[in-house]
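Same chain, two forms, each on its own as structure tokens: structure 1, then structure 2.
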Structure 1
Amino acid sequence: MQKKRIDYSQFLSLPALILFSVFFVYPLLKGVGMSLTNWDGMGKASFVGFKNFIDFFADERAISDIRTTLIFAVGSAVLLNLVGLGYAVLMNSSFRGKSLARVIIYLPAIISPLIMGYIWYFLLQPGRGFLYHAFQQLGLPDLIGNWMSSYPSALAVLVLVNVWQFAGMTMIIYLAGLQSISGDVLEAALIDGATPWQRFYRVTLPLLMPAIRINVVTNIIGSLSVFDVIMSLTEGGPGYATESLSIYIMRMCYGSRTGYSTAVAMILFLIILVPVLISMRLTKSKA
């Protein structure tokens, strides 16, 4: 009689499963429970059903924060991909000092966004910042406006700072994609008489789709949960004009509305889940 063998290998996944349960599943379930209460973070909590969710959609500030977060995410994702792709195409060509240029473009990505926000704050301060003085020396002081004092320009500054910081990271992924494209394919297109634009648009771009997908999705997810660069550059101001949902959650939590802030965190979770699911769907259909 043959002895049945036990496959111990499946137990190897147990530590990972336990850690996943403790650090993701348990907090998520706990969060769902908490989001249905009026807990203030310390005292007695009472079950309030979906009141927190209803209150959220009735709060003008919260709706404005959703709008700000979405504009920031979409604006950042579009620009990051355009700039990152441009950098990657440039870095894929041959020129002197390419390695140095690549390092310079990537360097901001390794700095904390919080520090980056403060650096840009001191660069951009109207009448006091480094750029103001630099342009003043050039006789162009009016080029630096009071950009962080109004909603559209403050949001534009935030998007641009975010793009400036993370374009290098997007570039690296595109560069890897570009370098994986076989030279034979491009050569065949050249022999067929394709112009440089046709080669890029008809050959390179379709072959870059996996890199585009990764970049778009990761950029949107990262930008939807933006916190630090806004905190350090505008603190969500003026007023609450550039406040993101993450900052709103933090302020509600510290404002003795822990149950409500947890409900908002659940809503943000669902908002972020959308691009993730789309990405998974696209990846699946591609496969």
Structure 2
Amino acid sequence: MQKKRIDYSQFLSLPALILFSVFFVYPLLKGVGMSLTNWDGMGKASFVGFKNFIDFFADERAISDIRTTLIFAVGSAVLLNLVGLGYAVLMNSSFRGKSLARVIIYLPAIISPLIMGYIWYFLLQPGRGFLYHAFQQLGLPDLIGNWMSSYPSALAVLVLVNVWQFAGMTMIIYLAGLQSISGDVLEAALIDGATPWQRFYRVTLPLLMPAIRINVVTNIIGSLSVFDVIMSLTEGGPGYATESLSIYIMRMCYGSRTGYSTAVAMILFLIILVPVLISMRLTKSKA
């Protein structure tokens, strides 16, 4: 009688599943339970049901933070992909100093967003910032005003600083995708009489879809959970105008509203999850 063999390959994923359960599933379930309480972070927690969620959507400051977070995320994600793709196409061509240009573009991404925010804070300070004195020497002292004093200009600065810092990371992924495209495919399209735009739109973009999917998902996640650059540049001001949901969660938690802040964190998790799933679905259908 032949002895039955045990297929041990099915257990190879067990360590990964254990780590996933310990560091994601358990904290998520713990957070869901905590979001239904009025725990202040120290005392005994009491079950309050969905009161925290109801209070959140009744808070005008919280709704304003959702709007700010979404506007920042949409602006950053779109610009990061457009600028990153433009950089990648440029860096994929041949010219002298290309390696140095790649380093310069990618260099801001290795700096902490908190530090980068403080750097731009000192550059943009009205009346004493570096850019103020630079434009003053050029005879344009009024060009640099207090850009952080109004909601539209402050939010625009935050988006542009974020794009300037992380466009290099997006470029690297697009550049890897461009270099993986076979030259024979582009040459065949050229022989068929395709114009440069047709080759890019009909051939290059569809083959870049895996890179597009990675960049869109990571940019959405990073932009919706933004914290550092806003905290260092505006601290959520003027007032609470540029406050993101991540900063709101932190302030509620340190304000002895741990249960409430956990409920907001659950809401932020869903806000991030929905566009990520939609974008993955859309890019997958075009792949």
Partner chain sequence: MLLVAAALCSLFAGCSSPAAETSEAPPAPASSTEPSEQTPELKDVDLAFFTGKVETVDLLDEIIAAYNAQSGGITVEQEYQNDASNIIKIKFASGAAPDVMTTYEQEYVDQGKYLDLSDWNDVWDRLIPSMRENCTDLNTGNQFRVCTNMTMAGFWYNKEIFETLNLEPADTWEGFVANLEAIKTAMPDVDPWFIFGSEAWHLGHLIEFMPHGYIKAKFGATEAKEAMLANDKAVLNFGDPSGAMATFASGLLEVQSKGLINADVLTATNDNCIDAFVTGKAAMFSNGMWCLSSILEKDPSMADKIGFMPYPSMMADGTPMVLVAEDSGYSISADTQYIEEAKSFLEYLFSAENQKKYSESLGSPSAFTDVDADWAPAAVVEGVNIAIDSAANIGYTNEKPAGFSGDDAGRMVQDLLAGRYTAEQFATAYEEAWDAGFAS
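For numbering, take structure 1's sequence and count from 1. Every value quoted in this text rests on a predicted model; they were computed, and no experiment measured them. We call the rigid core whatever largest set of C-alpha positions still superposes within 1.5 Å between the two forms.
Enquirer: Does the form predicted in complex with its partner chain correspond to structure 1 or to structure 2?
Expert: Structure 1.
Enquirer: Honestly, after the rigid core fit, is residue 26 moving at least 2 Å at Cα between the two structures?
Expert: It does shift by 2 Å or more.
Enquirer: What Cα shift, in Å, does residue 17 show between the two structures once the core is superposed?
Expert: Superposing on the rigid core gives a C-alpha shift of 4.0 Å for residue 17.
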